[in-house]
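So here's one chain in two forms, each on its own in structure tokens, numbered structure 1 and structure 2.
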Structure 1
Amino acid sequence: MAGVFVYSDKSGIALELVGCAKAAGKEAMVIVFSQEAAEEVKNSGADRVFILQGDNEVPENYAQAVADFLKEKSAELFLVGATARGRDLAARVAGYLDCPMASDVSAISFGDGKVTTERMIYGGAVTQKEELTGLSVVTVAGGKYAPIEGSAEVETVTVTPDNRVQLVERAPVERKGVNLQAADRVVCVGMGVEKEEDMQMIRDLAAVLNAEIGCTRGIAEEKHWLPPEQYIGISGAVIKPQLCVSIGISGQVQHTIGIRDSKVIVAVNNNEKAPIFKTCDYGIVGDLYEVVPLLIEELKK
């Protein structure tokens, strides 16, 4: 059973990876480790969903079992969501397979028995292209591909995990941010906003647009005006909304990598030479403290 096998501990990313494989004309199989996870992806449009069932709750402990399963099924690619858990499992599986691996890629193409990947390096200044032959492992961040729909047959396979690590306790992480990757409209704010109280103006713009709020790294990690989950960029969220409104953002490549897949980008900046104007579809050169209130006023009409 040649084809692309997909795994992500976040079902939304798994759905996107199935869409990636199917768009390339490949058979797509999803690997999960529980019946609950199977229910979340069984309508993903995959050709089949495999539940690798064992007596351990830690997905990383199934790396050897996954590697053996991929070899048994003559898989051509193991496509993994680039989450913390996904990266861990992917590296272990690649190690057991002794096969090529590409991490956090931005594009994948198939042809001539090879998988070609692209990813940004040196802070986004350079695009690196790699060709992988034979069974390979590739990790991809969410927000890169569109999911599809369609029912899949579910099959359970009993496997033996590595039980040297056991789950002792679960402690939920409290997140204050929003799911920007699912947002249809995003207002993104940068260091051009001078004071924290001026963020109300940004909230008002987002409200009238029915949009979520994102930010640059400085707003989240230096000024702490928004939670880290709302930081957009090469090491933050990667979004692809219908509309992204960029307010007071210079547009360095580390940030624009996170917004470049937006359908329409509108930018407001008082520096006509700001790099953001090379990325946006519509640019307004002006003081955001004058432009944003006018935008809000017009949009309310």
Structure 2
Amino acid sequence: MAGVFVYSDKSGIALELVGCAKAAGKEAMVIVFSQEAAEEVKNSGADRVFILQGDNEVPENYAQAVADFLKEKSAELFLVGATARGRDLAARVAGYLDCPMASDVSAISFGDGKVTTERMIYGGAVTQKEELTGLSVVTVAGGKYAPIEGSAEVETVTVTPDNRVQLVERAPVERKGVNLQAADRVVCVGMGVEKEEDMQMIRDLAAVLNAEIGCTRGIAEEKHWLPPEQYIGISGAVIKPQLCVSIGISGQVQHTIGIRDSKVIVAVNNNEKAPIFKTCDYGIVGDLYEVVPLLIEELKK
């Protein structure tokens, strides 16, 4: 069985990766490690769902088993969701297979025994194209491909995980921030805002838009006006809302990498040469202290 094998600990990303493989006309097989995970992906439009069943709860501990399984099935590609867990498993599997690997790619195309990937390097300033020959491992972030639908046959395969690491305890982390990744609308605030009390104006704008609030790194890490979970960019969150309203943000690449998948970007900046105007769909050159109250007033109508 050749074809593309898919894994993600986030089932939503697994569904997207199946969509990617099927859009390229490939057979798509999903690998999961539990019955519950199989339930979440069985209507993904994949050809098969394989439950690799062992007595260990840590997906990374299945790396050797996954590598052996991929070899046995003559897989042509192992596509993994680029989550923390996915990256960890992917690297180990590539290590056991001693095969090519490309991390966090933004595009994949299939050729004759080759896979071509694109990924950004140098903080997003350059796109690098790579060609991988033979069975390869590639990690892809969520939000790049559209999921499809269709029922898949589910098969359980008993495997032996590496039991040297055992899960001892899981404790939930209390999140203070908001779920920016899931937000439909985001108002993003930058260092153009002068005083902490002016953040109320941003909160008012977010309220009329029914939007979440994000920010640039300086607002979170230097000013501490918002928690670190709320800053957006290469070292922060990556968002994909329908609307992103950028207020007082210069638009450095380290930030725009996190907003550029937004459907519509509106920017307000008093410097007409600010790079954000190259990223946005609609730009307002003006003082945010004049423009934001006007926007709130108009949107309230």
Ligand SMILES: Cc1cc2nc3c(=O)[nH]c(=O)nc-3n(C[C@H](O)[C@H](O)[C@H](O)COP(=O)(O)OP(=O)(O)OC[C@H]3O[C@@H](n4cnc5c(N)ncnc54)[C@H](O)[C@@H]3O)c2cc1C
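All values derive from a computational prediction rather than experimental measurement. In this text, rigid core is short for the largest set of C-alphas that superpose within 1.5 Å between two forms. Along the sequence of structure 1, residues get numbers from 1 upward.
Colleague: Choose the one of the two that is the form predicted in complex with the named molecule.
Modeller: Structure 2, which is the form predicted in complex with the named molecule, differs in this respect from structure 1.
Colleague: When you overlay the rigid core, is the Cα of S235 off by 2 Å or more between structures 1 and 2?
Modeller: After core superposition, the C-alpha of S235 moves 2 Å or more between structures 1 and 2.
Colleague: I need the CA movement of A146 between structures 1 and 2 once the rigid core is aligned, reported in Å.
Modeller: Its alpha carbon moves by 2.5 Å.
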